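In what follows, one protein chain appears twice in different forms, each by itself as structure tokens: structure 1 and structure 2.
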Structure 1
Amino acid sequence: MGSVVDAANKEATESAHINKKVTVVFVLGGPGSGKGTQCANIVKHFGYTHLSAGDLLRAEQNSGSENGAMIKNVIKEGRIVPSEVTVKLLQRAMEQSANDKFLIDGFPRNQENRAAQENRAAFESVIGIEPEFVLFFDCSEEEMQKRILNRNQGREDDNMETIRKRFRTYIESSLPVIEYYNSKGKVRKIDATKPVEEVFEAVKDVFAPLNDKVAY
């Protein structure tokens, strides 16, 4: 088992940097922050490709490949998928895409602060680029909780404990990444407590300088 992981890490580390010029934006936000809705708006209006680290891992896991089997075993055992493996999947998705602008959703973050930092370092070293910025949807826990409960049609007793665990995981996994990039002046914080339309107006202000033409 270990040899499979080691081989995957070696392949990822030794791979060449991504072979085209790309713009990458990391997207972070808690459950109920509206991140998914805003990512869809960014894709529609600014022509980005939305890449979810979780979706890519699940797809690889179901592909029947050797890497997929390794990912499945690692997740089953409650361990963290090696950061280089996730980065390699992101790299492949970017290289196979005809686009050169990407939203990276759900990465780099993990349930351990150290792992989150390792993911960030792996992304920059393997792919050879830093993100243009980190788009951070800032929303109070109270507001996110209210939105999730409304979305779940009020099944409060069944979901409250799970919701709180999701909040804790989000805070523990995202803060080290936000703090690191904030120290480099790369965090663009959006007040996500406002209505969807107002939030996207703030998002447009952030993305407009990067785009010569906006598709409406």
Structure 2
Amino acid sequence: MGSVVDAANKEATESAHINKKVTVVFVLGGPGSGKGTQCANIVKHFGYTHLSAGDLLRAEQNSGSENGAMIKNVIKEGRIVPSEVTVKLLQRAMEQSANDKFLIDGFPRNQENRAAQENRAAFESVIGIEPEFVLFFDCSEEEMQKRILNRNQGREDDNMETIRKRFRTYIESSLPVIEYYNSKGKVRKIDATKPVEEVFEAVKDVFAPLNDKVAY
């Protein structure tokens, strides 16, 4: 305690975290519920930086990373990539950003993601930060399926076989995470079955008080 080595270790640990105060909002909801679409609106309107765990994983897969084949296979099977990989990608993106407000879309997606998110020591994670709230896009499976099949972004997981697996993962693994945050009073639930503009009106109502708090 108090030795030069301890001081050096402490410094190294602190520098692995973000030094500034950051605001984090988790954006959760089933596949195709409109997370990415609404995040783009929130970015324009409220100045957040949007980090989609799925987008970061796809970029990592395409970068020739040693984890590329594993990520590709997990995404095709509609399962969840081990947190160690995803947390590192999110951490790097946050560190590289000059912003201090982040929308983290599609994470934490299962209990293992959530445990990793809360365990700063294990991953030296900058996202061991308590979210301001969890924005939850609630949408019927029928509507989500229709949207995914019309998405046309050339995604390898937007086919009927993988969609079924993704829905199962959502119900079995992601909904319990949303339930957990709900029990902590953190969830702001939005009816995401409505048209994009109407959904964004509801989203604005959730963000407006937060903006007021920052302004005064």
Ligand code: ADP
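Small disclaimer: the values here were computed from a predicted structure and weren't measured. In this text, rigid core is short for the largest set of C-alphas that superpose within 1.5 Å between two forms. By convention here, residues take numbers in order along the sequence of structure 1, the first being 1.
- The form predicted alone appears here as structure 1; structure 2 is the other form of the chain.
- After superposition on the rigid core, the Cα of Leu89 moves by 2 Å or more between structure 1 and structure 2.
- Here Ile178 does not count as shifted, since its C-alpha moves by less than 2 Å between structure 1 and structure 2 after the core is aligned.
- For Ser63, the Cα shift between structure 1 and structure 2 is 6.6 Å when the rigid core is held fixed in the overlay.
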